[in-house]
Each structure stands twice: as structure tokens, then as C-alpha cells.
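Presented below, as C-alpha cells, is a lone chain in the form predicted alone.
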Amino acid sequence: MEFWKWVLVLIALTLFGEIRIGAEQPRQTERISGSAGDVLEDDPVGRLKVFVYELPSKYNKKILQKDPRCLTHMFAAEIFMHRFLLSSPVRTLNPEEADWFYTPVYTTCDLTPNGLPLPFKSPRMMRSAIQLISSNWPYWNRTEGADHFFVVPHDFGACFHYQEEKAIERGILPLLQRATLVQTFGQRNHVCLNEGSITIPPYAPPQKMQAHLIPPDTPRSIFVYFRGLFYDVGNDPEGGYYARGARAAVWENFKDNPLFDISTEHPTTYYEDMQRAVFCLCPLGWAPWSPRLVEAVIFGCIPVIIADDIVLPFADAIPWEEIGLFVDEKDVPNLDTILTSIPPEVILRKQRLLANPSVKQAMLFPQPAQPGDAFHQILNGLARKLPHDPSIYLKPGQTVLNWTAGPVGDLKPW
């Protein structure tokens, strides 16, 4: 019964209200209302000044030269943020007038043959960079990093490990405890997310997605879409630890459900298929976030977020509750009932909001940068933290951070 009900609803959506990426008609989009919409469209220029430390190329450019794959993986925001700031109007060459200080260090650009980042050198690399700036400039020592920000797009941010248990055991690198961390990882009440951190989207190649756009009048004939792992057999053969069992539950409950187009296969039509879908599942994996969230927003597919306590990108500007759908991990077995119970008018409104160009732009790191993009949202987040509280400035001779804290391996020279 539910299946045929949703066949009729899909037909109705196609005939009377289907929203497609790239649609130009004003009636098919909806501005984000209230303060969130204003924040989303803020212009950070003139509201802050950023000093970019000039580090030896071994911390950034030479690392990238060794492995250009770093430019296209989901952690590439650290590279593109550096490039953006070098030519941004918020950059100042006078550190005395800076509101914020940025240290360009590419800690995720150490990849396996399969393209996965190895974070084991990252803590020593970061410590080395901080030792350098604290020895050659006076600004770190004034606040011990409280007016500095770092881009740390690892699975678990500045905890620098891809396994959650090990990340929790490590905690955030002690030297970064006072800094503002710009990171993809976001989960409430987690040791790897400091209060005041700025949560950002992972990198997804804008040009690649643009190349896969399909005609805007193509029907959304897929009800639920997902491509990815359900089990990580190599690291978690039972499936209870990986994704906290949520992905396994999706597969076991809905692999034979005709409303669910789910598979481990990643077809060449992946982007096109997302544009044909009403709902795109965005479950946690080893970490709560993934590029699927970006892809779903860009392609106008309502993201179904299955990751308890997730902190989503730019949550003060993007109304995730209005454009997406949150499903508790424990409720995954009821996913079909939950999704088929949503009224068509609610779906249409979510699609109209997703069609808003400002929402899409905020999720991207385009080259060159464009107003309202993720670069500018990061700057907006930094600007909203100003002015700094006078208490961040230390008295002469005062120290707060412990330079010898952390695992012994992190203290070795890089």
C-alpha cells in the first residue's frame, strides 16, 4: 500500500512542483527566512583582518607537490582556504592590525595508495609549525593561540586519528586547546569538538558536480537513494561498530524494499541519480560527516541525516531542520514509515529551500571564490567572534598551555 501511495506522490511532485538544481524560476525557490538568511548572505569584508604566517614550503606547498591527489580529496579545504586567504581582501600584511592569525599547514596531505589520509605525522607537524611561529613572531605568545585559527579537516579534527576510540583517547592536540578550530568533524559533547569551533562542509569538487548536471525538468523518480558501504568488513566484520550499526540496519531492513535504491556499487551515474531522487541518505560512517551531505544539497535531494548529535556545517546560517530530515540511529528500522509519512507539501517546501542558490553556495569551495561560498562563511564565523575578550591576552611571563603534554610520540621532532 505504501509503495503505490508513493508512486502517486512521485507523479504529483513531477507534475506540480518538482524542484531541480539550476532552476531559475523565482516561484521555485524560497529565501531562508529571519536571521539565518541574513547571516547566510553576510559579507565579511571590512569586518575582520587576517594575517597569514609565511611558513617554509615543507609545511604546505612541498607536501602538495609530492601528492597532487590532496587537491581533490574530501579534506582539501585546508589547501583551498590557504590559497583563498593569500588573495582575499581580508588579508593584512601588517600583523599589528590583524584580528586573526592563520597558520597554513597541510596536515591531511599524507595519503595511502588508496587515497586515505594517514594522520600519524600530523601532531608532530602541527607542533613544529606552532613552535616556529611562536619563536619567530610575538603574536602566538600574547594569547597562546586564542586569536589564531587552524583548518583541521581530519575525520575527528585536531584529535588526529581516524578511529574514534583512539581519537577520544588522544583528545585535541594540547597546543591547540586555545585556538579556534575550523573542522569538518562536529558532534555535540565530544572531546574532539571544542566550544567555539567552526564546523565546515567537506570538500566536494564544484567543477565535477557542475559537469554532471542533468536537465532541470527530469523527474525525481527515485524515492530513497544511497550508495556506499553498509559494513566495513576489514575493520568491523560484524557491522555493529562501524556507523554504530546504522548502515547495517539500513541494508538489513530495506535491501529488498522497492522504494529504496541502495547499493554498495558506485555507478558512473551517481551524481545524476542523486538528481533523480527525493531523499538521499546521509548516515554516519566512522565519523558522523561525509561529502554526501554536500552532494545532496547541491543536487536538491533532501538529505536524511542519520548521525545522532551531529553538528552540521554553518548551523547558525543554514536551517538544517527546514531543508533536511533528521532520523535517530535507533529509528533506522522505521525509516520507510518515517519517510512515507511526510506530507507532499512539506517535501515541496524543503525542495524550494534547497533550490535557494545561497544554500548551495555556502557548501562549496569554488575556484575562484564567490560571494557567500564556504570561504566567506568561515570568515563570517570568525568575524562574529570579534571583538576578542580582553581576557585572552596573557600577562608577561604567564603561560597556560603545557608544551610537553600528549603522547610521547607527538613530542618527537618533525
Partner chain sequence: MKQLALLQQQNANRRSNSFRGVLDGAGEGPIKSPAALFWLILHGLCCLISLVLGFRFSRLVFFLLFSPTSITNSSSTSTATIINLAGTLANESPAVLSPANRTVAATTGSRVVVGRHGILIRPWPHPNPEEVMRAHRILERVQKEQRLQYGVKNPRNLIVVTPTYVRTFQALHLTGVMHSLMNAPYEVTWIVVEAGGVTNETAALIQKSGIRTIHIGFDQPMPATWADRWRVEDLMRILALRLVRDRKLDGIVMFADDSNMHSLELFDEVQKVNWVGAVSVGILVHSGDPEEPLPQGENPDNEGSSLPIQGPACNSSEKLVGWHTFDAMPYADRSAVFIGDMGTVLPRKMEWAGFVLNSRLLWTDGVDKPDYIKDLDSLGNEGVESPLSLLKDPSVVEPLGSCGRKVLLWWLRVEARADSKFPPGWVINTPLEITVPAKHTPWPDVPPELPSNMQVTAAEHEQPLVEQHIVAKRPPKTRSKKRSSRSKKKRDARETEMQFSSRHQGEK
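Positions refer to the first chain, counted from 1. It should be emphasised that the depicted structure is a prediction, and the values quoted were computed from it without experimental measurement.
As for the form predicted together with its partner chain, it is not shown, yet the points below apply to it.
Participant: So in the predicted complex, is its partner chain close enough to A248 to count as touching (4.5 Å, heavy atoms)?
Facilitator: Taking the distances in the predicted complex, the answer for A248 is yes, it comes within 4.5 Å of its partner chain.
Participant: Please determine whether Y270 contacts its partner chain in the predicted complex, using a 4.5 Å cut-off between heavy atoms.
Facilitator: No - in the predicted complex, heavy atoms of Y270 and its partner chain never come within 4.5 Å of each other.
Participant: Might Y241 be said to contact its partner chain in the predicted complex, defining contact as any heavy atom within 4.5 Å?
Facilitator: Because a heavy atom of Y241 falls inside 4.5 Å of its partner chain in the predicted complex, the answer is yes.
Participant: Taking any heavy atom pair closer than or equal to 4.5 Å as contact, tell me whether D316 reaches its partner chain in the predicted complex.
Facilitator: D316: no contact with its partner chain in the predicted complex.
Participant: Only one of 139-147, 80-88, 308-316, 290-298 has heavy atoms within 4.5 Å of its partner chain in the predicted complex; I'd like to know which.
Facilitator: Among the listed stretches, the partner-contacting one is 308-316.
Participant: Between G196, P95, P219, G171, only one gets a heavy atom within 4.5 angstroms of its partner chain in the predicted complex; which residue is that?
Facilitator: After the contact test, the surviving option is P219.
Participant: Identify, from the list W320, Y102, F254, F226, the residue with a heavy atom within 4.5 Å of its partner chain in the predicted complex.
Facilitator: None of the other options qualify; the answer is F254.
Participant: Between its partner chain and D43, G46 and F365, in the predicted complex, does every residue show a non-hydrogen atom at 4.5 Å or closer?
Facilitator: Checked in the predicted complex: no contact with its partner chain for any of the three.
Participant: From first to last in sequence, which residues of 332-350 have any non-hydrogen atom within 4.5 angstroms of its partner chain in the predicted complex?
Facilitator: Residues within 4.5 Å: P333, N334, D336, T337, L339, T340, S341, I342, P344, I347, L348.
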